[in-house]
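As a starting point, one isolated chain is supplied in structure tokens, in the form predicted on its own.
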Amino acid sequence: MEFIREYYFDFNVMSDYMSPILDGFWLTLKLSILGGIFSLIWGLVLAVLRQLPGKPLAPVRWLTIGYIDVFRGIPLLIVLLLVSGGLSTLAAPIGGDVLPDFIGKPTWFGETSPFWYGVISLTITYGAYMAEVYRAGIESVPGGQMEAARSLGMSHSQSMRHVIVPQAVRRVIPPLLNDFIALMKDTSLVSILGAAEVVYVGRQIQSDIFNGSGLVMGAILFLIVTIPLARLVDYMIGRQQARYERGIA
């Protein structure tokens, strides 16, 4: 029992290394926020492309469905390795210098290349998950809404933009928040690329002093953010259910 306390819950270690742990968690938050924002945008684009009408646009729909199926089925870890290895190689002489360094080895806004590889990989992967959430929201909007919009002279794209998508987004905010919580936890995988986020810092502390308290401190910081988000999701789901019950009544 004493070993568990000293190895996992040494508050002196947590205090001594608090600064680098907080710096690492700040990088985790930036990964989560940027990855979440880009995933929300990309997921909505994919969901709308999947709803395009007519036979001429069928290839676009099938390509979108294929993309969503593929990246929902591939582990994020593999995507991270493929993105980082592919972009860096294409920007190097061995890859023919196909890409300029500012794309293949991005250091935008002062962040490192592993940080941006992480953001790109999170966007590619979670955009596919969020696309399915958006699709469920779009398909839950009664068909009469589209018919009413078209009867007013709106095109399909105008109807989607002004009528269907706003209603769909309001309906799927709770599951999107759930996906954001999952995304935030998966930022820990970016540590394999050398990004100094909170898990990377915790592992460095563990290697240096053979103590896991830094990792536990990182886990506590995750819980400080994710538990309130989970309660917010519960609250929003409760509000939605109450609204629907009043509507039915």
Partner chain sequence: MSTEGGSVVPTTGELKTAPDGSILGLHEIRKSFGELVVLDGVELTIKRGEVVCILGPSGSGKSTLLRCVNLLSPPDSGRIVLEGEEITGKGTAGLDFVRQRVGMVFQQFNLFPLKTALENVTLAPETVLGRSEGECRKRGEELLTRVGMADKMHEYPDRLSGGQQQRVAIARALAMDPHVMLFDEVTSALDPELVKEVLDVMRELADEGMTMMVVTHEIGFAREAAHRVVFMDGGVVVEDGPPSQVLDNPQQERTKSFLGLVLEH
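Numbering follows the first chain given and starts at 1. Owing to the predicted nature of the structure, the values given are computational and were not obtained by experimental measurement.
We do not show the form predicted in complex with the partner chain, though everything after this point is about it.
Proximity to the partner chain in the predicted complex, defined as a heavy atom within 4.5 Å, singles out one entry of Ile124, Ile138, Ala149, Val172, which is Ala149. Taking a 4.5 Å heavy atom cutoff to the partner chain in the predicted complex, the contact residue among Gln145, Thr89, Asn178, Thr107 is Gln145.
Contact annotation: the partner chain lies within 4.5 Å of heavy atoms from the stretch 163 to 171 in the predicted complex, the single such stretch among 93 to 101, 75 to 83, 108 to 116, 163 to 171.
Contact with the partner chain in the predicted complex, defined as a heavy atom within 4.5 Å, is made by none of Ser191, Ala196 and Arg231. Mapping the unseen interface onto this chain, Ser157 falls outside it, with no heavy atom inside 4.5 Å of the partner chain in the predicted complex.
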